[in-house]
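Single chain ahead, by itself, as structure tokens, in the form predicted on its own.
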Amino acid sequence: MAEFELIERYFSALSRPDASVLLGVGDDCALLDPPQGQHLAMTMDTLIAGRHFLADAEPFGIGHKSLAVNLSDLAAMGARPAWALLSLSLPQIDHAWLTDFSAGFSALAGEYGVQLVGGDTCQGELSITVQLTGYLMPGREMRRSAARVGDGVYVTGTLGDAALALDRQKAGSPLAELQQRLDRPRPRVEEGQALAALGVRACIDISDGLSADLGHVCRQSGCAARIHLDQLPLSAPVREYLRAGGDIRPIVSGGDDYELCFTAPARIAPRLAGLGVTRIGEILPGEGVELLDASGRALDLPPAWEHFSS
């Protein structure tokens, strides 16, 4: 099967009719008509076999996750997702793999109204790059640089599930109840848009671990953060892991949760009820991220994931 036959068979159907797409899959460029008066938000992520997913991972989940990680970035900005580009490098054409991969990508794209409008395929080591564009009202964007001293620090969902799932999978004793959090993360798109509409202005998605990603907010905002270990929202399996003597690394430094971490002033706090968020700390003068245990004792932060680190 040639490249253009592959595109036609597996990916052309992912371009759904829409007035905003003047020209989609199948030409040299896509032509788009963005909503008038909206700012565009653009992001891109690459997933590489053996680095971001195991070589034998299910292709449906890989398709889902390749889009989910980009949706999570738009969620952290408060943007509405719209158009995707997909670059796919394959060792060889595997029809069963492509069928399941495109099904996983398509299912999540359909949930959030994302149209695939172009991309590229080539032969090589298995890797997937997705570029995603969305839009939002001017002045509603949430930035890493907008945290202010006195803000509360909040997160959506629960922390540590994906990192613990990966640890257990590598150890040969997977936790079925957490595996979906690793393989098919749920991007917090609706929550991100709701937070932006409420006036939240500082946010980041947790892809590299709470301590690292909150650290990015602190550096760009010129402030410090203090978080409380006993206030972190945890699922039942993670709580059991801690009770059995597990360390805190998956919770505070583990990646792949794709929850949102944001800061909000006290005037917004009452309006956050019902969004499924948890206050875990506060923004302070200074720099860096401090973690306290239930007695107020400072704990060492385990190192978080970083590309190209030694």
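In this text, residue numbers run from 1 along the sequence as written. Remember, it's a predicted structure, so these values are computed and weren't measured experimentally.
The same protein has a further form, the form predicted in complex with another copy of the chain, not shown here; the description that follows concerns it.
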Name the residue from Q179, S87, Q231, T99 that puts a heavy atom within 4.5 Å of another copy of the chain in the predicted bound form.
S87
Scan R249, H39, R271, R279 and let me know which has any heavy atom within 4.5 Å of another copy of the chain in the predicted bound form.
H39
Choose from 169-177, 236-244, 75-83, 103-111 the stretch whose residues reach within 4.5 Å of another copy of the chain in the predicted bound form, heavy atoms counted.
75-83
Taking L22, R143 and Q220 as a possible spot, do all three reach another copy of the chain in the predicted bound form with a heavy atom inside 4.5 Å?
yes
Exercise: A68 in contact with another copy of the chain in the predicted bound form, heavy atom 4.5 Å:
no
Heavy atom to heavy atom, is C203 within 4.5 Å of another copy of the chain in the predicted bound form?
yes
Can S253 be called a contact residue for another copy of the chain in the predicted bound form at 4.5 Å between heavy atoms?
no
Just to confirm, D56 within 4.5 Å of another copy of the chain in the predicted bound form by heavy atoms?
no
Using a 4.5 Å cut-off on heavy atoms, which residues of 269-296 contact another copy of the chain in the predicted bound form?
none
